[in-house]
Each structure stands twice: as C-alpha cells, then as structure tokens.
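The chain that follows stands alone, in the form predicted alone, written as structure tokens.
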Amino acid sequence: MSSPVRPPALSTSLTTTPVHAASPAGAWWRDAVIYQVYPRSFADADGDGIGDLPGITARLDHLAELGVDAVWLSPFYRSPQRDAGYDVADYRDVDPLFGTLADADALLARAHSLGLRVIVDLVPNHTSSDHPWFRAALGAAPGSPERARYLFRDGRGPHGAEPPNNWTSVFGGPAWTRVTEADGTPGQWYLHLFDTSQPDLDWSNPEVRAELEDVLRFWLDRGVDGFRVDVAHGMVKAPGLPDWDGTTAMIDGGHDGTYGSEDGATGSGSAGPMWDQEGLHDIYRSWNRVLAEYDGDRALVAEAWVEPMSRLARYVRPGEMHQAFNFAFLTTLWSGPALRAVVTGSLEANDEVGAPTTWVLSNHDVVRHPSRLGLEVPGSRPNGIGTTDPQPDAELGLHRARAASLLMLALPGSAYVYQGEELGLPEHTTLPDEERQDPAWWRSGHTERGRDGCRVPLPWEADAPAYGFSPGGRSWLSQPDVFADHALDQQRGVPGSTYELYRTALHVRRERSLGTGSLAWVSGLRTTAGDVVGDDVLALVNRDLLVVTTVGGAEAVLPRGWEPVVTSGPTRASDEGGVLVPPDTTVWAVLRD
C-alpha cells in the first residue's frame, strides 16, 4: 500500500497536502497508457467499409509513435454483429468481417515487435443467441443440462404468461423473452440484461466456469497480454432473481436524461440484484490463478460500473483483477471541487488495497469528451447526441478536452486513450438516425440515440476517400465533414495540434515516471490580482512536476521560477513576470534553477 509522503518543496508561498506516494516500478499494467481500438472503425484493409485486423496491424506504427504502452481490442470474435461484436457466437475464432485467426496472430506478433502489449475483450456475462450452446438450449427441454447453462425460468401468472420477475434490459424494454418449445407451445423465459440476442449465462453452473477458463487459456496461449472483462459486475445474480423496482442500467441518468456528477458518483445503480454480487470475486480469484500460470504479468481489467469507490476497489484486491476503469472520473462534471474529490477518493480507495487507479475519459460507450465538455452543462453525459438535440460548442469543448486529457495523463496510475481522442475527434452529433445501428436506439423506442456517434471510423488523411479509413472510400457509418480538419496527416508535425500534444505529454509522462509517481494537492497559487485562487483551480505536484488546471472562468499564475513544459492551450506572461494559465487550460511545469 502507498503511504503519503511529503513532496519536495515547491515554493515558500505554496503548501502541499499529500494524497498518494510514489511507488517503485512494477508490473507493466500499474502505470501503462493503453489505447483502445474499436476494430470496425480503426482501419479497413480490404475496402468493404468495415475495419479489420489487417487494417489495425498496418496502423500499429501510429500507436508506437504516439507513445502508448499497450492496445486494447474491442471484440473481433465470430458474431452475428447485432451488438457490434458484444454478442459472441464463438469465443475461439475471428469473425470473417475482421479477418482470420492467422490475422490475429500476425497482429500480436507485430504489436509485440513494436513493444506494444495487447489486451483483448472478453464478454462473459452473455453469449450470442447464435452460440451453439444457446441453439442447443432452445432445442432441449426445460430442466435440461443445455438450458442450465443459461438463466431459463418458468413464467409467472396463468400459464406462465408473465416474465419471471420485473427486471428491465439495459437497452430498454423487458429483460426476459419467452421461447416457443419444440411442440409449438409457449414455453420458458430466458434472461437477457442487454439485447434479446444476448442471453445471460448462469455463472452458478460449473460448466460455464470451466468453459470461460478454457477460453482464457486459448488466447493466453496465442500470446495476448490480458483481458478487458465486459460487464464485470454483472455475471452473478442474486439467488432467486428477486423483483427489484430500480433501474437496470449501467449508469442511471438524471431527471433531464443526462449523466454527470459533482461528487464523483457514477450513478451506476449497482445496488440491484443483477449487479456487484459477492460471488463475482471467487470467479476473478480463479481467473487470476489462470493468468499466473503464464509469464509476462498478464492483466485482468474490469469494466465495472460500481459505486462507491470502496466497492470498486474490491475488484482489484490482491489475487483478483489488476485494473478497474475509473468511471467516476469519467462521469464527473467539469468542476474543480468535483474533480479534486474524485481524484482524491480514487487514489485513497485503491491505495487501501495496493492497486493502481485506472483513469479514463472516453470509450466506445460514451459521448466523446470533446463534445461532452462543450455542452451547456460541461461534462454531462447524454446517451448519444442527434441532429435535433442541443449541439455542443465544438471549439470550447475541444479546448476543455485538451485540458482534461492533460490533467488525466499527469495522474499516477494507468490511463486509457480511446481511438481518435489523440486527434481531438468530436462526437458525430449529426449522424442521420437512419444510419444508427446501436440496439439501444431501437429498444428504447428511439428515445436514446445510443453509441454510434462515438464509433464513427477514424480520419487518417484529409483528402483521401473515407479520410483514409478505407481504400474504396466506404465507411460503415458516415463521417462528418469536420473530420477532415482532425485527420492525422493534418496534425502530425504541427506544433500545438492535439496529436502533438498527446505525443509530447506521453513522452514527458514516461520520461518523468508520472505513472508510478506521487500526488499532493498544492495551495497558495495566486490570480493576476494577487488573490489566492478559488476552488476551480486544481494544482497538484507529481514527483517534481507541477500541474495546474483552470476550470471554467478561473485563471492562475505560476509561481516565479516555474517553467511550462507541456500546455493544453496558449499561455502568456503576467504583468508580474510569471506565466498566466488562462481559463480551461492545463499546464505542466518544472522548477528551473
């Protein structure tokens, strides 16, 4: 465990409040920057308009040049693609849409040759309804071993015509679907916390546990360095599947349909009988033992929308998972006090169990943070943005997003970068509704736009067809015109571009060992008028690096002798000869002799 220690003296006018002590170098995942690749939208090699594994392999040099440590691949397994691959029909094969097992092996080999580790997605809560197990279950009788792999139950009411309980799906609508038995009569119901095509597995069944452990070994034998575990807090359900009147959601929204917190809460609704059950931890202890059979510090990463932070930390206790995404940080509003609270609480909770904190701002399930931070309530998180919704201020959102990203990359622990955020990509907020493919759009009765807007294929070249995503100019979701301005070839080598900001920050982060560093809050900074700054200025020190983030209309002046080494936006000299950090800006500074 980390014990806060006094950081080095900064200035006679500044005071520090230690929160987290530096740690020695350890397993790679403790301080890694990991880049998420969403395969269908990263790079298309065969020209069909959908990204694939050869396309990823051909672009891995970009990630090495960017300076990340590892790659996380969203699902590429054989699947009917009703939920973009999170409905797995065969865990041991690559869907022809993305390539072959040989292509997966080539990707692993190329990544490792570049010094990049590779994490793959594992989807253990549910399978596809096309999985051989579920097809066998539909053809078998109630009470059969085939049905025992899933959560089949008799219905309630006359003739079993009502669902077994009142749970609802995360994607909207009921969480139960009734099947037709072999004799043509209405039969049992099966549970699906997500789409009807994603039946939940019964993790009390030893056969299920043995099968997924064998899947782990299959990919570990091929050389993967770890697994991101989808819905890691949902596999085990409360005994008896009791009724519950809460909302069956990964994140609960406010009354206005937006998400975001002033106190670091995710709004995860994790108290329900389908979330965060005690039996999960025995599964992860077993998986940890499987990974320990392999060399190279293989890692388990939890996608667990759980609160409070002390409960999330239980997933990363010794002998369980290695990382858990910090969704409380992602959902925190653009507020100095809120950010300070969630950073402090996260570090303290994870230090209690000796685990790193894993920071994240964007992924394939949320509106991209340059757009979230440009909304009227900056940092609020609608479930998608469409043409008729209030539109974000793109310029202000990107300005804040660069500041937020630079703050995140200065924090000790591990960090995740979602593909395209190094380009400052916004959400596609004007995606035509007729193009939407997210099941949440359909199951919510078109009340939730869903996640397609953050999954639009990347722009590599401004003047190429499909902005260089696909040689034939095809793109499975249309790309907005503004993507031309964000294309990689428009930013590489351009001082001040978002791409060069990320490259510089990642270089300094590694050079100064910030991932294994310390954190202490700094107080005593001044405004240009000489007043002590307010709560909307975040100042911290990690090792000997001073980090200042100004939120909203706040500004601050760096103390004399401190020189910026990375800035998210322009700074200028103050009248007193110091460096002024203007609103919505992050500066990394070092003390010069």
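We number the residues from 1 along the sequence you see. Computed from a predicted model, the values in this text were never measured in an experiment.
The following text describes the form predicted in complex with alpha-D-glucopyranose (GLC), which does not appear among the structures shown.
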Worksheet item: If we take heavy atoms and a 4.5 Å cut-off, which stretch out of 227 to 235, 352 to 360, 494 to 502, 466 to 474 is in contact with alpha-D-glucopyranose (GLC) in the predicted bound form?
Response: 227 to 235
Item to complete: Name the residue from Ser518, Gln198, Gln323, Thr429 that puts a heavy atom within 4.5 Å of alpha-D-glucopyranose (GLC) in the predicted bound form.
Response: Gln198
Response to the item:
Students should find that, of Phe194, Tyr190, Tyr77, Phe134, the residue having a non-hydrogen atom no more than 4.5 angstroms from alpha-D-glucopyranose (GLC) in the predicted bound form is Phe194
Worksheet item: Is Arg451 close enough to touch alpha-D-glucopyranose (GLC) in the predicted bound form, meaning at least one heavy atom pair within 4.5 Å?
Response: yes
Item to complete: Classify Asp103 as contacting or not contacting alpha-D-glucopyranose (GLC) in the predicted bound form by the rule of any non-hydrogen atom within 4.5 angstroms, answering yes or no.
Response: no
Item to complete: Although alpha-D-glucopyranose (GLC) is absent from this view, report whether His364 comes within 4.5 Å of it in the predicted bound form, heavy atoms only.
Response: yes
Worksheet item: Quick one: does Glu303 come within 4.5 Å of alpha-D-glucopyranose (GLC) in the predicted bound form, counting heavy atoms only?
Response: yes
Discussion item. Let me test this: is every residue among Asp83, Tyr86 and Phe171 within 4.5 Å of alpha-D-glucopyranose (GLC) in the predicted bound form, going by heavy atom positions?
Written reply: yes
